[in-house]
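Below, in C-alpha cells: the form predicted alone, a single chain.
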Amino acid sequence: MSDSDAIARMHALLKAQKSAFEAERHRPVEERKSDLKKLEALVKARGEDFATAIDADFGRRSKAETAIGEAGFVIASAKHARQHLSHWAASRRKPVPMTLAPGKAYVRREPKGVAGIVSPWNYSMQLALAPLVAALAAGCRAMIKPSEFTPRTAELLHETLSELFNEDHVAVIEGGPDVAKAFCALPFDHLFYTGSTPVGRLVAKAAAENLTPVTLELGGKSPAVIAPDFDLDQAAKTIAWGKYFNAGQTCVAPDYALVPRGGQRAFGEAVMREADAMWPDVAGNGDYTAIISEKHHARLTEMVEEARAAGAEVLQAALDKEKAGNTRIFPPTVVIDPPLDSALMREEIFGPVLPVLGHDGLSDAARFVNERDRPLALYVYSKSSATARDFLARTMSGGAGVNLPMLHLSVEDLPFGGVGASGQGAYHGETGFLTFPHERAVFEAPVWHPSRMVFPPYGKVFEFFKKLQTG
C-alpha cells in the first residue's frame, strides 16, 4: 500500500472509530475484560510467530529476550489489567462539605474516545500492545502506527489484531515517516507516543494543533552511579546485563556509568568480563541481538571512533565479521572517559556502548546528573539504603532502581514514564488505565437544595452561610 493510500485509509478509520465510539460510549467492563483476555490469548498463541518476525526485522533478535521483554510483558500487563479492571473503572465517591450538604460528589472514569498509539522499533510488539492494553481497559478504541523499521512485525500486528477486532475498534496503520507524520496530526482524543526526544517534540507540536492530550514516552541518558561503598565487580554484573540486553536498544538501559574516580578502567574491564560470560562469541551467539539498521550501526561506530580519536580508551569484545554473517552485529563496548562534548556524552546512545566516567563522591555525581536533562531512569548502587535514598532525593528521573537496572518497569503497579526531556505522562497498571479516561467530576443535588437560600438578594441567611464557610 502506498503512503497516500495509507493516509487516506487512516482518515477513514478514524471517522469510523469515532462513529463507533459515539454509538457505544461506555463499553461494559465485562466486554473490556473479554478484549484483554483475547489479547492475552493472542500473544500466547502467536508468540513464536512474533519472535520470528522480530528476529527477521532485526537480522538477529534473541528469542529469549523477545520472550522476556515482549511477549511475557504484554501477557502480564493484560492479565493484571483484567484482574483489577472492575475496581479501576468504578466511580469514586468524594466527601461533601457541610455547606453543600445534602448531596453526592463523585468522579466518573469515562473513556476519552479514540486513542492513537505510535510505537517504536526496539520492542516492536510490547510497545504497541502494552499501551493498547491500557486503552482497551479504559474503554477506548485505538489506532496503532508501528515503526517502519520493523515491517514484518507491523504486518503481523495488522494481521493478528484484525482477526481479533473489527477495525472500528482496533486498527493498525502501516507506512513510513510521512504516514507517521500524518498520523500524529489526526484529531485523536489521546495520542500516545514512544520514541526519541527530538521526534517527541515534533509529535507534541502536531498534537497541539488539535489540542490533543499526549503521553510522551521518550528516552535520555540514564546514569548508573556507583557509591564508594559498593563493590565494582558486583555492580558490573547487573550493569552489563542491563546495558547489553537487546544490544543496548532499550530506553531504560544504563546509558553511562559514574564510578569512584580511579576505578574507571577496573570497572570497565569487569563489565567486559561479565559481557563475555553472558554473551560469549557474539558473532555466532543467537542470544546476542543485532542493531536494527545499517544507519544505526554506522552511527554507533562513528560515536565510538570519535571518542577514540579524542584519546578515550576503548574496550571491545572480539567480533568475527565473517562468522557473524550480519554486518549489523555490534559487540559489547566500554569507552573509558570519553570527552563530555563527544556524541557519546551528548546523545542517547541506544546501543551496546557504555561510557565510564569518574566521580569525586556522590555529591559530585549528583551535580553531574543534575546539570543534564532529566533522565528516564537512574540507577544507584550502594550497600546502604539510606545512602541510596539520599542520592535519589538529590536527583530527579522518570524512574529509578537501587542496585539493579531496568526492573522497575516490570512492576505493574509502578507508574512508568519520564520527566522533562525524557517524557510526560506515564502508564503501566492503574496509571496506564488512567491515561485514557477522563475523570469527570459530578455533584448530585436533591430536587431542593439549601444553596437556594443564599441566592441573591443576599441577606442574613447568606451571612450565616458565609460564617460557616470562612470559620
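In case it trips you up, residue 1 is the first one in the sequence shown, and so on. Since the structure is predicted, the reported quantities are computational estimates derived from the model, not experimental observations.
Not pictured, yet referred to below: the form predicted in complex with a small molecule.
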Query raised in the report: Among the candidate residues 118, 135, 282, 334, which is the single one with a non-hydrogen atom no more than 4.5 Å from the small molecule in the predicted complex?
Result: 118
Query - in the predicted complex, the residue from 146, 338, 352, 139 that sits within 4.5 Å of the small molecule by heavy atoms - result: 146
Query raised in the report: Can all three of 177, 184 and 203 be found with a heavy atom no more than 4.5 Å from the small molecule in the predicted complex?
Result: yes
Requested in this report: Determine which one of 342-350, 272-280, 226-234, 156-164 lies within 4.5 Å of the small molecule in the predicted complex, judging by heavy atom distances; exactly one does.
Outcome: 342-350
Report task. Give a yes or no for residue 416: in the predicted complex, does one of its heavy atoms lie within 4.5 Å of a heavy atom belonging to the small molecule? Result -> yes
Query - Contact label in the predicted complex: residue 196 to the small molecule, heavy atom within 4.5 Å - result: yes
Query raised in the report: Is residue 356 close enough to touch the small molecule in the predicted complex, meaning at least one heavy atom pair within 4.5 Å?
Result: no
Query raised in the report: So in the predicted complex, does any heavy atom of residue 255 sit within 4.5 Å of the small molecule?
Result: no
